[in-house]
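Take a look at this single chain in structure tokens; it is the form predicted alone.
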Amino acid sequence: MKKSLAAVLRIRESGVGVAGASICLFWAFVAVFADVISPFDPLQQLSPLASPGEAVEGGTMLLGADFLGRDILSRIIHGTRTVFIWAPIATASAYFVGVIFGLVGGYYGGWLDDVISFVANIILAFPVLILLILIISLLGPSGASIVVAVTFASSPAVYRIVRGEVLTIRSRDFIAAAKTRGESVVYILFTEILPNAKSPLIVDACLRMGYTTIFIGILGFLGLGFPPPTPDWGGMINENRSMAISFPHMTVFPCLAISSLVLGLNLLADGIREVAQKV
């Protein structure tokens, strides 16, 4: 645990990590202060199909407008909140389920581990996108549905990581000492084992946040994300895709927003991994 936390604190020693952290902090700043920095109301219809830089009443549409005349920059800014609210919630939910089952299965082993591993392998055998589409189709498009879908599709992968770490740690001397002292199973799992299994989980969490961001974008593009007129990067691409050739700015900028955030999370994960190897 100390090693992984030290890697996070020393991220400034990695150029890649600093770049990734800077991108993530930029988008986090945008999400927090969206109401302040947004030049227009994201739902306000101003000038349909306006080109980037076109002046309208109340200001300039720096990134242009969509087919309804809504300012693209304002919708991207407010769409950041959608990602920064639901992607962490969905990722945390997947980790909660994956960690619990990974700890239990890895610690007890035997038939319980076999059953959990069998179920996890069945889920992992299906393409993630197909699982997400099926679950969203059943539950209906909403933030809660995305959380359920991501948890169901991603928690088995988290389970396998945790299980592998537990299998390595459970045979160490300090675990035997805890058992000798009469410590409870809950204490051993969450105080002795889990903190020593956090190094790969912190790196994977950054990567999985990126995957979840992509999933939210894909679902929005397929019309299974957040219902309109909610500002949603993937939904913006879907709404304007029929005019992407004639008015490329309506889809290019939301695509760049998704790509930049995912890039930042991946670079941050690489930086943490790089620094952790030196600690």
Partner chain sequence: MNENNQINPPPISDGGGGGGEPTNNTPPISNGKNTPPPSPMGGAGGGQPANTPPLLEIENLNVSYFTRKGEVPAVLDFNLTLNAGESVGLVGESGCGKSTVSFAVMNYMGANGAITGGRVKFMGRDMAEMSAEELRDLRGSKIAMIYQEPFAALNPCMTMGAQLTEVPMFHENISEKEAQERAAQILSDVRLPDPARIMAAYPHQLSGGQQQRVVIAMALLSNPKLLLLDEPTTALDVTVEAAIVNIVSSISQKYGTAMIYVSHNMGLILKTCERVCVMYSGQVVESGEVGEIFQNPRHPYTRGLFGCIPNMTADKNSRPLSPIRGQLPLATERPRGCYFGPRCDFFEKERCGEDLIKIENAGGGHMARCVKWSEIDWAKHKPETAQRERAVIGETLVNVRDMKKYYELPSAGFFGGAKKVKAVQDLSFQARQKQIVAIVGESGCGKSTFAKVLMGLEDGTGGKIVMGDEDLAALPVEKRDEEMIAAVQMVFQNPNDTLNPSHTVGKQIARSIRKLGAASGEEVERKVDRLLDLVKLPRSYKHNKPSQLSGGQKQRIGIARAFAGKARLVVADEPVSALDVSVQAAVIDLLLDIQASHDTTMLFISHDLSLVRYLADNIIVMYLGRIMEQGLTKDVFAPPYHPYTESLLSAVPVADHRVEKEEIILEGELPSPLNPPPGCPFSSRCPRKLGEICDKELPPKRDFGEGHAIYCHINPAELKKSPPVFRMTKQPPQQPPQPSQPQQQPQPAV
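Here the structure is a predicted model, which is why all the values come from computation and not from measurement. C-alpha atoms forming the largest set that superposes within 1.5 Å between two forms make up the rigid core. Numbering follows the first chain given and starts at 1.
Below, we turn to the form predicted in complex with the partner chain, even though it does not appear here.
Novice: Name the residue from 176, 92, 144, 85 that puts a heavy atom within 4.5 Å of the partner chain in the model of the complex.
Specialist: Looking at 176, 92, 144, 85 one by one, just 176 meets the 4.5 Å heavy-atom criterion.
Novice: Answer with yes or no whether residue 182 is in contact with the partner chain in the model of the complex, where contact means some heavy atom within 4.5 Å.
Specialist: Yes - in the model of the complex, heavy atoms of residue 182 and the partner chain come within 4.5 Å of each other.
Novice: Whether residue 195 contacts the partner chain in the model of the complex should be assessed with a 4.5 Å heavy atom distance threshold; does it?
Specialist: Yes, residue 195 lies within 4.5 Å of the partner chain in the model of the complex.
Novice: Test of understanding: in the model of the complex, would residue 96 fall inside 4.5 Å of the partner chain by heavy atoms?
Specialist: Contact check for residue 96: no, nothing within 4.5 Å of the partner chain in the model of the complex.
Novice: Hey, in the model of the complex, is residue 187 touching the partner chain, heavy atoms inside 4.5 Å?
Specialist: Although the partner chain is absent here, residue 187 would touch it in the model of the complex, with heavy atoms inside 4.5 Å.
Novice: After fitting the rigid core, is the C-alpha of residue 182 off by 2 Å or more between the shown form and the other one?
Specialist: Superposed on the core, residue 182 moves its C-alpha 2 Å or more between the shown form and the other one.
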